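Here's a solo chain for you in structure tokens, the form predicted alone.
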């Protein structure tokens, strides 16, 4: 087997849902895999060249966007999203052998996991105090440190409990939503874009240029008038001062699609600090529905018509409204 030539980092330690997402990358099994303690550390390894790419969580079907990731990729040296992965999420409650549910006073896990198990916790250990953990796996592994642990149980992925004989499973399937899914993104340095597939997603960060009536509508209109659907939009504070926000947006389509490229150009005119974070294949394979008047052919015909006008030539129609040209 040839020596690994690619280095990936992920939100560790081993056994996290993030590592499970990374293992969906075709060459991950034979690559060097380095766990990172948090999202910022993982992305810094990509920026300084010690890792080729980082797998980090960006969105959960129950809790929404992962703010640590949204903020970390919106600032600093530019990065690119190369692909995404979807991981079904389930949780177990673990403790050291001999500990019973009635003994639990403090529980540690990642903040998103805690939020997804609150109903079960309220019903079964209502007086338990939440102790924040850097990840679900880190919280579980902390229980094995008998000298330093300051909590009684942890919420983690089933695989962690299966691989650690020092952990006892007290309860299974404790998530409030059995269909919960977390979306992860593989983030690298800017370079050649993934090829357009027809089932793509484009992610951008758009600072609000000024706080005034209609400012957000003006941003959204850039997509709406070109037939570009938005699958996610979230506001995040820039941290500069109160009331100053940027918008993290996922749009259906690839920057190589004329409608998407035209929308991004419109965004840049409105907000020149707009940051392009990548165009990449959707993990669910969902293909965009493209109206005839927003197809690539329709855009080419419209530009050709304008060129003919400017050149003084007679405009020759290449596109008939109501037809169904291929994108």
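Not measured: the values here are computed from a predicted model. Residue numbers count along the first chain shown, from 1.
We do not show the form predicted in complex with a small molecule, though everything after this point is about it.
The shortest heavy atom separation between residue 89 and the small molecule in the model of the complex is within 4.5 Å. Using a 4.5 angstroms threshold between heavy atoms, residue 182 counts as touching the small molecule in the model of the complex. Within 4.5 Å of any heavy atom of the small molecule in the model of the complex lies no heavy atom of residue 9. At the 4.5 Å threshold, heavy atoms of residue 113 reach the small molecule in the model of the complex.
With the small molecule left out of view, the stretch that reaches within 4.5 Å of it through heavy atoms in the model of the complex is, among 163 to 171, 240 to 248, 132 to 140, 224 to 232, 132 to 140.
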